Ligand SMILES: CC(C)(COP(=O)(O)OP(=O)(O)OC[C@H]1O[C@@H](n2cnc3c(N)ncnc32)[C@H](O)[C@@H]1OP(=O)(O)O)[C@@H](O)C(=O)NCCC(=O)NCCS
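Here's a solo chain for you in structure tokens, the form predicted on its own.
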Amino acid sequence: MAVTEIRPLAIEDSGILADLHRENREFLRPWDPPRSEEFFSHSGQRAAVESALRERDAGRRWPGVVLQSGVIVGQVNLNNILLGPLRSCFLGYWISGRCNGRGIATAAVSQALDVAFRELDLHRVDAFAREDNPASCRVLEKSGFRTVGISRGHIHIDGRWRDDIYFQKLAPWDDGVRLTAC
């Protein structure tokens, strides 16, 4: 049986991610912002990974990769980490088109939530998915996210501003009072 895992992003992942992004260029086009040709190259992905690692080191992001039986098949990120009285972030993820529909995204999101709530001691994780992406909406719903509403004109994709469904999940330790788990 195939095992899904996530792990922190490493600089050594750059080449594999460049290959995966090229392989999934058309598959991800409806959901991603426009990308330069450089983004799909090994040097472009190295620059993207270096940037993500700087954000991690500054405490603003937890970038990870998704592995299926030890092979990278996508990415998962906890972005815009806020501490203090907000203690929140927003979740982003993508899985290679050849691996879709196998529960990999749901398993990766579950593990990312463990990182957010247990390792980072966050209180809330936000996520966004387009109405015309029911698979992503299902992943979030199966992962215990609840719909908060619609974020109008949330992201500029494919030449226009797109609405997103706004989801959120509170930490399992939330009692409405405590700032952190401990």
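Residue numbers run from 1 along the displayed sequence. As the structure is a computational prediction, the values presented were derived from the model and not from experiment.
There is another form of this protein, the form predicted in complex with the named molecule, and it is not shown here; the text below is about that form.
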Answer yes if any heavy atom of Ala105 is within 4.5 Å of a heavy atom of the named molecule in the predicted complex; otherwise answer no.
-> yes
In the predicted complex, Phe128 touching the named molecule (heavy atom, 4.5 Å) | yes
Can Asn100 be called a contact residue for the named molecule in the predicted complex at 4.5 Å between heavy atoms?
-> yes
Examine Pro134 and determine whether its closest non-hydrogen atom to the named molecule in the predicted complex is within 4.5 angstroms.
-> yes
Taking the partner as it appears in the predicted complex, which of 42-50, 151-159, 24-32, 55-63 has residues with heavy atoms within 4.5 Å of the named molecule?
-> 24-32
Taking only heavy atoms into account, state which residues of 135-149 are within 4.5 Å of the named molecule in the predicted complex, ordered by sequence.
-> Ala135, Ser136, Arg138, Val139, Lys142
